[in-house]
Ligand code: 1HN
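Next up: just one chain, as structure tokens, the form predicted alone.
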Amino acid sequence: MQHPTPKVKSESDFVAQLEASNLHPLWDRFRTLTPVKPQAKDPPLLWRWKDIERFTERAVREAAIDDVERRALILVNPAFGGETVTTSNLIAAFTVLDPGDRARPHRHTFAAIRFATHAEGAATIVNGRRCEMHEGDLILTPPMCWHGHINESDHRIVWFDAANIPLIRGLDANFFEPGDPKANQFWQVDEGDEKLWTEPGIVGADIQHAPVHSPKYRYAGDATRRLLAALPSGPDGARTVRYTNPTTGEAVMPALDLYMSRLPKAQATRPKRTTCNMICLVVSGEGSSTVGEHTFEWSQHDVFSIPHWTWASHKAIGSNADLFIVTDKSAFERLDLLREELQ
């Protein structure tokens, strides 16, 4: 009696032959290729400012500003196996400048921002516009805009940075151009066209601007705080503002989207999850967050990540607390991949 050839062996031989011909059978790896839901590889992580701050003085001593492109301390999640990544698609950092320091001009494809924490007396030059940095100010450096930083104060300054470098690297779409570090005229500018975008709700009737990214580069902290104080609570219980392109009302940049949330004291926000990734800077106050299975307490200038499709809820302790939130939400919107759920 003839025995049938074992199906497992036959199929295994067939798969091996396909792979040797640079082919893969869909039926053999369908579940891997099409998971039933997003699965972030990184757990949420908290970086405490008190732990970061002690490295800032050493960074100044060991990295002379004229010898480096930027003196920044990047927040890294070890879940990415040593890659310079804070959470999927995004990095965050703190930049340190001593009095008189100039971070040389350059430009690049990835989108970046600066948020003033201890930055009084600093300025960022963006495409020929001088953007002063005061408490809570947001400064944009959109893709391929020339920019550099200067500390004209008599004290050390630190600010929070974020960028979508991992996203652009994953797409292998980055270009980088160094500027001339000796070009003194780069720094000899005033606010320039930034003054055209200082009044909310009013634009020049004949001003032309390609709406790829916001024509406004500086968003004042005092304006953000006034609006937060006036807003009603949203569906999750927090008061939230979105930084927008004044010509379109959409995100400030196509692949980087920014928010500020004010958390009411002693009241947890409703848990929320979304397909986009988030990095949260504690601007003021103290509180706690539950992100997935992790719960941690935070205070001013701490930073924590919220990986995609992970439930997150936040609560201020003692008084209101403000969180500045960097996301890749606008990229997901443009790709029609955004999905959000609220418990």
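Since we're looking at a predicted model, the values are computed, not measured. Throughout, we count residues from 1 along the sequence that is shown.
Another form, the form predicted together with this ligand, is not on view; read the next lines as being about it.
Under a 4.5 angstroms non-hydrogen atom cutoff, this ligand in the predicted bound form has F110 among its neighbouring residues. Although the partner is absent here, I168 lies well away from this ligand in the predicted bound form, with no heavy atom inside 4.5 Å. A residue is said to contact a partner when one of its heavy atoms sits within 4.5 Å of a partner heavy atom; A72 meets this definition for this ligand in the predicted bound form. Heavy atoms of R273 never reach within 4.5 Å of this ligand in the predicted bound form, leaving it off the interface. Note on the partner interface in the predicted bound form: the residue among I91, V252, A122, I125 having a heavy atom within 4.5 angstroms of this ligand is I91.
For the options T95, N151, T269, T117, the one in contact with this ligand in the predicted bound form, meaning a heavy atom within 4.5 Å, is T95.
Using a 4.5 angstroms heavy atom cutoff to this ligand in the predicted bound form, none of R129, E194 and H209 count as contacting. Looking at 223 to 231, 102 to 110, 252 to 260, 181 to 189, the stretch with residues near this ligand in the predicted bound form, meaning non-hydrogen atoms within 4.5 angstroms, turns out to be 102 to 110.
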